[in-house]
Every structure is written in C-alpha cells, then in structure tokens.
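Read the single chain below, which is given as structure tokens and is the form predicted alone.
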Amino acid sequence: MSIDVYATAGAIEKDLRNHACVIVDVLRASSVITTAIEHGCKSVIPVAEVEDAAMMARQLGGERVLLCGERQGLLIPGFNLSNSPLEYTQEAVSGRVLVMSTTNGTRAILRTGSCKAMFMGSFLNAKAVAEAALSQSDSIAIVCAGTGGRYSLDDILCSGAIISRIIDMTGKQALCDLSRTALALYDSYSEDLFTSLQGSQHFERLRSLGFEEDIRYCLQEDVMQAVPVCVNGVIRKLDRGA
C-alpha cells in the first residue's frame, strides 16, 4: 500500500486512475464542503470561475440552488454564501444544491483529473475520509489545494492527520517523502494546531480578514462522519453502506 501527498494539484506527475484521491483545502473549501454535506445539502457542484458558477445556477434554476464561494477570502458579490463554514448551517443548506467557486479548493478538485474515487478531506472528517479512501484502493493520493499555486502548511498538516489515521488502521505504509514530512509535522504539531499555524501565510491572511473563528472551527478533529465524494463533477454524501 502506498500514500502520496501532492503540495498542489499542479504537482501531480503520474496517472491517478487507480488511486483513491483525497482533496484537502483546510482553510477553507474542503472544510466548508464537509460541513455542508454533514448538514444535509443535496449536492455541491464545484466550478472554476465566478461566471461559470452564475451560468450553472441559471441552468439549474429554482430557489433550492445557492451560489457559494469566495475570491481573496471574501464573499463574491451576488452570491448567497461565502466560504465561511459557519454559514453552512442545517437551516441554510439542507436539501439545497450548492454551486461553489473558490480561489484554491474548487480549482484543485477540477485539476486533479481522473481517479478511482475522489473524496473531500479535512480535519473535521479525517478519520472518516481515511476509512473511505482505504475502502476504495491500496494506492492513496492526498492532493492539497495550496494557496495561489504554492505549498500551504495547513493542508500539509491535515494530510499528516489523514495519514496518521490510515497508519493507525493498517500499520506501516509506503510513504513518499512529502507524506513522511506531513506525518512528522502533524505528529509534532497536533497538540495545538492553531498555535502551530501562526505565522503561516494563509492562516495570517484569513486572520487579518477577521476569520479567526473560521480557523478554529476548521482545526477541530474528527467531529464529523460525512465523507463528500465527487462523481462526474458533482459532490454528494458517500453512502457508507455501499
């Protein structure tokens, strides 16, 4: 069994068609999607650009469709919800279709390409998504969204958390160098993730915008069982009985 970590989707250098892929954008898209699925949204449709989102919403039509996302961390004008997981309450999203575009996360989903199964991972569902990935393949790829096409420490730490759960369930695994680094960082920093991330670029950007509560929310570990799975460009809740 092997576990590879990619710092960004642009760093993927091999065919992942036989891999179970986990997309990680801790701050905040994958945490938002996990929260939305946990709270009963019907589906999430990731798109790259703001214009694509608006067009998709028009095509789907109906009041059950919500436009969601951000640019540079902030609500897109005319959209219903931003990229704050605190907005994705059961009351707000239950039964809704969410069309989502974010600066990093949805683009990473779309750029990852074909794989055996694609899940959204976060600290919130680290154990659950580890179990789901293991159920699909003995080759796992964790793809980090990064920030502006660059390595992001929050995503690497979450990758380490997911790897830690996989190892707890299966024993020692074949890890690439970045997987080993992610695991070592998580083992070193897991007692206080918030403090460990202070000074990192994306963390400080969000904190400067007033999103410290979002950050603390996203750093909660294993508080959700929902596993978002992307099939044919649409994200829904994984049927754990399947």
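Start at 1 and count along the sequence shown; that's the residue number. Bear in mind that the values here come from a model prediction, so they are computed numbers and not experimental data.
A second form of this protein, the form predicted together with a small molecule, is not displayed here; the remarks below concern that form.
Only one of 25 to 33, 40 to 48, 53 to 61, 181 to 189 lies within 4.5 Å of the small molecule in the predicted complex by heavy atoms, and it is 25 to 33. When the small molecule is considered in the predicted complex, only one residue from L193, L206, L175, V65 comes within 4.5 Å through any heavy atom, namely L206. Using a 4.5 angstroms threshold between heavy atoms, N104 counts as touching the small molecule in the predicted complex. Mapping the unseen interface onto this chain, S159 falls outside it, with no heavy atom inside 4.5 Å of the small molecule in the predicted complex. When the small molecule is considered in the predicted complex, N125 lies well away from it, no heavy atom lying within 4.5 Å.
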